[in-house]
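Shown next as structure tokens: one chain only, the form predicted on its own.
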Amino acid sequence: MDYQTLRKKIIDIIADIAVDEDLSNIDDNIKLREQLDLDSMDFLDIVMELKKRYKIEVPTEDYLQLATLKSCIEYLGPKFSFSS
């Protein structure tokens, strides 16, 4: 799965969790929590949506790898390959 497709899937999940956020100008290299008004519950909701929609499990010890959109894509890319 290519970078832009993965990016869209992740942004779609964020859009469902953070409905009032403008996601059009997200910088892939800046931490999501610095750009968006996401609290820890929102973050857990995003992780739960990954599991629900795509059967992707993210262990607690890997949560830091989901800090930026770029790191999300790099971390989740191989997992999407196995879930498709």
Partner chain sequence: MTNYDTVIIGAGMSGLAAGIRLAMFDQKVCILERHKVPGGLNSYYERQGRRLDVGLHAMTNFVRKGERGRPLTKLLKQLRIPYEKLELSQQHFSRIAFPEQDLSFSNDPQLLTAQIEKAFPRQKDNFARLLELVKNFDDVNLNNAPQSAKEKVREIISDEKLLEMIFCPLLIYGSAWENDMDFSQFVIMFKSIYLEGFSRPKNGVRSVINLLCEKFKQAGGELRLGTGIKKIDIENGVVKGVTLDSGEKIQAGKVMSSMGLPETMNIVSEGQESPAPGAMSFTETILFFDKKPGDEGIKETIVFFNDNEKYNYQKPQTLCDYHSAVVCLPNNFDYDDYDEGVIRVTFIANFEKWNELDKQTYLQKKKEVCDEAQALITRLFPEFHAHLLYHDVFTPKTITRYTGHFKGAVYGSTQKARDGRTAIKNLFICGTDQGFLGIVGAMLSGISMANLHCLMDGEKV
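Computed from a predicted structure; not experimentally measured. Positions refer to the first chain, counted from 1.
Keep in mind the form predicted in complex with the partner chain is missing from the figure; the text below concerns it.
Taking the partner chain in the predicted complex, would 57, 62 and 72 all count as contacting it (heavy atom within 4.5 Å)?
No, because 57, 62 and 72 lack any heavy atom that approaches the partner chain to within 4.5 Å in the predicted complex.
Residue 17: heavy atom within 4.5 Å of the partner chain in the predicted complex?
Residue-level check for residue 17: yes, a contact with the partner chain.
Just checking whether residue 36 would be counted as a contact of the partner chain in the predicted complex - the rule being heavy atoms within 4.5 angstroms.
Residue-level check for residue 36: yes, a contact with the partner chain.
Give a yes or no for residue 41: in the predicted complex, does one of its heavy atoms lie within 4.5 Å of a heavy atom belonging to the partner chain?
Residue 41: yes, in contact with the partner chain in the predicted complex.
Spell out, yes or no, whether the shortest heavy atom distance between residue 31 and the partner chain in the predicted complex is within 4.5 Å.
No, residue 31 is distant from the partner.
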